[in-house]
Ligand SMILES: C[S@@+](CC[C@H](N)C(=O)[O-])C[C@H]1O[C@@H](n2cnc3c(N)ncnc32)[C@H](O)[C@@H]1O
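Below you'll find only one chain, the form predicted on its own, shown as structure tokens.
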């Protein structure tokens, strides 16, 4: 894909339309290329029928897709690369504007790993989209843009989106949906259990009722979209029966000749087209299935595999027209799903939801093989459910910890599925068992790949440096501004990512932001590492014009290496490891001799006061080990993954695996408990 491809976005035409400060229509968005980072499992390893993937873009391997980056840019990338109109279900659980400052809490591994410390937060400069403490206007603009992009990705006839939210923003999001999707496309609001906030007290009065639910707002892309009945299996079975098709009321439009019979008075039960289809359905059953299945068995099998209720109409031996009252071994569910769990406990992720509500949505609204998308993947619940239920899936997140958590979770699921298929010794099974009514769907894929959009990984690595800079300079961080990171005195502060020096493009971006805030009179301080010569000339001209005309918004620069007041050179110390790699008799042997994470040591020092942290076993700092025995220098293909299941378990530290033919580069990726990675390579 060419750099900076522009993707057109159709305007929102629904009513009513919300208005907020800074509302901007989204007519087009830039789509950046994706960099292939890692592969898990054998690329293209499928359990389902290969023809299922005929609509999959050729640029991507057949399997799950996990993107690391701003979801606005990821969605634009998907639109530009062949996924427009192919997603059947979007399920998202975005930030609620709830006032929560989510921080990943980390525990060292091992039986003695009781030292806890705060990991990478969601509120760092490069991750403003996950700050969850936004001004109302910024939140609405953020969600507005993403709903427009999601609409473009949905299947034109069968696409549907489910958005989970709480009482704080449900009313606003409903209005946003009405504007972006249209009010006629509202398909319902599901209530799911949530943690109840206890507002009761010893007094007779309370400020508000206790809230014990979240909402899942459902909107389809097409106003003609019909939902299948939402059913749940029941232990009680009621067999089907035949009943007369005649009603005693008199409605002329419902009187017509059916099976050679015209009611002398009254009317038929259904309109003519439905009744004629029901006659044809019963005749088709008699021709094809009557010798092998009872009508009850045929009805229930069809219902479970397709979600469709069949109507049957016949004329009995007495000449009476009858309709079929179907059997029931299920109950029809409402929109209140309090029978399901709420909080998940698979990963320890701070906002993890339980798989049960997501699984019910996926089973209800999609078929095996459909594409399910979650652009706020978090702990990976949506991808995990889709993988277990035989759906194809796409996920993304701006937080690196979310990507790592999801990778570990999906690896475990796919490994268990592959093992079960191997034990079954039945390769190449179709998507559903022949007895489709009861069978579990086969996994659509046994692999997934990780991509990075717009180099977010490089920025995430500098989060620690950004925090140090703010602390050193005295910047007051703010979480209500989506552009500026904080204030220094009466000046707004913009921190340029430390992956590059200050450029004219950075300054033009600040200029555009200020032009959208005509009432803003504060000056701006830019913090950077290095400055291009052209940027200096730009700044001189900008400030000269403002001094001459009395305009506000002068721009000052703090260059952290040279500034006389604040400047000092500081380096984020990366994790490091000593690894021995040998090749003997067609096998590769890997031994990790030592590992050190300076960031973890520093965090423990900060929280331990005068006590020096003592870590007797380097493995307590390691979350996982991945090995690629034939690394090409670009994509990390995971052939061996050591991801301990429990926090009390340690990685092995010594490994052996088959060696590729000829000389090869072995890459060993070690990830610490904060998510920082170090890759050691050796040629053997």
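Because the structure is predicted, anything quoted here is derived from the model rather than measured. Residue numbers count along the first chain shown, from 1.
Not on display, but discussed next: the form predicted together with the named molecule.
> Name the single residue among 160, 76, 527, 396 that comes within 4.5 Å of the named molecule in the predicted bound form, judging by heavy atoms.
Here the answer is residue option 396.
> So the named molecule isn't shown here. In the predicted bound form, which residue out of 375, 361, 493, 444 has a non-hydrogen atom within 4.5 Å of it?
The option sitting close enough to the partner is 375.
> Look up in the predicted bound form whether residue 367 has a non-hydrogen atom within 4.5 angstroms of the named molecule, and give yes or no.
Close contact is absent here: in the predicted bound form, residue 367 is far from the named molecule, nothing within 4.5 Å, heavy atoms only.
> Using 4.5 Å between non-hydrogen atoms, is residue 629 touching the named molecule in the predicted bound form?
No, no contact at 4.5 Å.
> Is residue 353 close enough to touch the named molecule in the predicted bound form, meaning at least one heavy atom pair within 4.5 Å?
The answer is yes: residue 353 has a heavy atom within 4.5 Å of the named molecule.
> Although the named molecule is absent from this view, report whether residue 402 comes within 4.5 Å of it in the predicted bound form, heavy atoms only.
Yes, residue 402 sits close enough to the named molecule in the predicted bound form that at least one of its heavy atoms falls within 4.5 Å.
> Using a 4.5 Å heavy atom cut-off, indicate which stretch of 653-661, 64-72, 22-30, 634-642 touches the named molecule in the predicted bound form.
Among the candidates, contact is made by 64-72.
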